[in-house]
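Take a look at this one chain, the form predicted alone, written out in structure tokens.
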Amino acid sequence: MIDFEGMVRTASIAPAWTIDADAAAWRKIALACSDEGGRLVSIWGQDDGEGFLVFAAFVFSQGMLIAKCRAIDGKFRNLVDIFPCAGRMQRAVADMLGIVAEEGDGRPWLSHGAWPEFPLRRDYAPAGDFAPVEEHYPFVTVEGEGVHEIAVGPVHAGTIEPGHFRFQVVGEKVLRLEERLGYKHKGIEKAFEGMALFEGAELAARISGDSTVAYSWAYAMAAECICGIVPQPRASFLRGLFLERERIANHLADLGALGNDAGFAFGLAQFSVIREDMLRANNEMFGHRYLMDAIVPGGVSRDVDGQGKSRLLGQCEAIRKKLADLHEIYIDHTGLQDRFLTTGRVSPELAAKLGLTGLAGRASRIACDLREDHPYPPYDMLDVAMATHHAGDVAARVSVRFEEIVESLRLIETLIGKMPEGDIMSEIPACSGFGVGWVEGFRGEVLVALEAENGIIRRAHAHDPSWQNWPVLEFAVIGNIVPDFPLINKSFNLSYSGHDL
């Protein structure tokens, strides 16, 4: 058991604490979290000028506990045996800072032969243009009679972001899949360094375009924690409104794409129309189709008047009616159900072991949603109903999306009906300290950790739930046929850009 009494509270509204740990305590905290049925959210590192620190964010029943441990001789204790999802995060720490997990996977993660060594070290200085070099990445292979390999990517068709997938197959059945990502690495965490707290909000909003509201809110929450600011009630309600609209828009896009991947183009057309109406309303009412920069440290930059509320309520009712009709069509369409049912299944037991999170986790009976488990304003006043299923297949992930849209429509109507009057912004002074923001985006929990000195960012770490879920996709495709991979992949809808910072 971990005693939270006396620990340092790290968030102004979310339940989060920090603790200094030596190597033994680092492992002890991880084991205690696992024994309780908790989860690992993120691992990241920092050069503090005196050496290297490694951080791990764990979720207990009480909330989030961030353990901070100093690396000794460039090494820290490996957590993969406790939380398998730690593996890729630890490899990213090694690529960015040069500190490694003991007995960990020594393969590079983000470098791809072109990125200079250890860019998050304080003494790092860019040396001009990067010169790509040829490298050999040791994919794990399966050998045996009839086994062959299919390499896909990293360049994909259309506008899909880059990722490399190696399939080991017999006939059309997948025996093993291994991914390699990191091709979208943009140096975002380095770019944060030296920015003013308010200025950094623009970069946070652009980490992953489909989750701009979630990242903006998590960043603002972390900055407000450092400054000891609690947003005005009206600002919190507007943040909830923006986040639920982002959730709906993404779920609508996924439902249409999933229908299309199963050969049902009608679904894509219908859901695309509904989503486009939402995005146009966003642009007309709030200045951006994806609500970018609507949430800023201290509050929000956009408000809604009485006429706007009426328009939003009318749109909710229209979406609800169309969604009900389309849900019935999807359920009754035997071709869709044949493709969805039992495809890409992740059992609840495997989901728990591998740390599957967010929407995909809830489809495999992992009942975690920050809006219900650890509600922050305005969700502490909304009584969110979590959507969960147990089958863990494409059909379950489709069902969760339908149900979450219905619940988000209800939440939006409640937020509009109960929205308080008042200011929407509070001033952000030049403060020093450490803060964390923790928000349930449409994929799952988004984390932003910030350290600032006199209002200037010294270190910023952003974490997307795709870090946990990409490895689970490798298991979800085993035993399925190769042509089902696009359908399974879309049912997870994982981020490259949010993952490859």
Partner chain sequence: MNAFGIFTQLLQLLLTVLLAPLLLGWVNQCRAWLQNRKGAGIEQPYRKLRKLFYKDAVIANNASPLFRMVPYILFGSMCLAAAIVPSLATDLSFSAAADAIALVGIFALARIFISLAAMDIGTAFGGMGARREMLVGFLAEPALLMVLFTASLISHSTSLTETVETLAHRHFEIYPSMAFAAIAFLMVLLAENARIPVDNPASHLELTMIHEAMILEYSARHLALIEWASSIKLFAYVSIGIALFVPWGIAQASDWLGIAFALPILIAKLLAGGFGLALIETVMAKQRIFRAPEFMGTAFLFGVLGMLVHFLLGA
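Residue numbers count along the first chain shown, from 1. Not measured: the values here are computed from a predicted model.
This protein has a second form, the form predicted in complex with its partner chain, left out of what is shown; the following refers to that one.
- You can rule out all but one of 294-302, 268-276, 226-234, 414-422: in the model of the complex, only 268-276 has residues with a heavy atom within 4.5 Å of its partner chain.
- Taking the partner from the other structure, its partner chain in the model of the complex has a heavy atom within 4.5 Å of a heavy atom of Asp261.
- At a distance threshold of 4.5 angstroms between non-hydrogen atoms, Glu149 is in contact with its partner chain in the model of the complex.
- Using a 4.5 Å cutoff between non-hydrogen atoms, Phe167 counts as a contact of its partner chain in the model of the complex.
- The shortest heavy atom separation between Leu203 and its partner chain in the model of the complex exceeds 4.5 Å.
- Of the residues given (Gly194, Gly106, Gly171, Pro126), Gly171 alone sits with a heavy atom within 4.5 Å of its partner chain in the model of the complex.
- Only one of the listed residues (Ile72, Leu341, Ala318, Ile82) places a non-hydrogen atom within 4.5 angstroms of its partner chain in the model of the complex, and that residue is Leu341.
- Residues of 308-340 placing a heavy atom within 4.5 Å of its partner chain in the model of the complex, in sequence order: His333, Gly335, Leu336, Asp338, Arg339.
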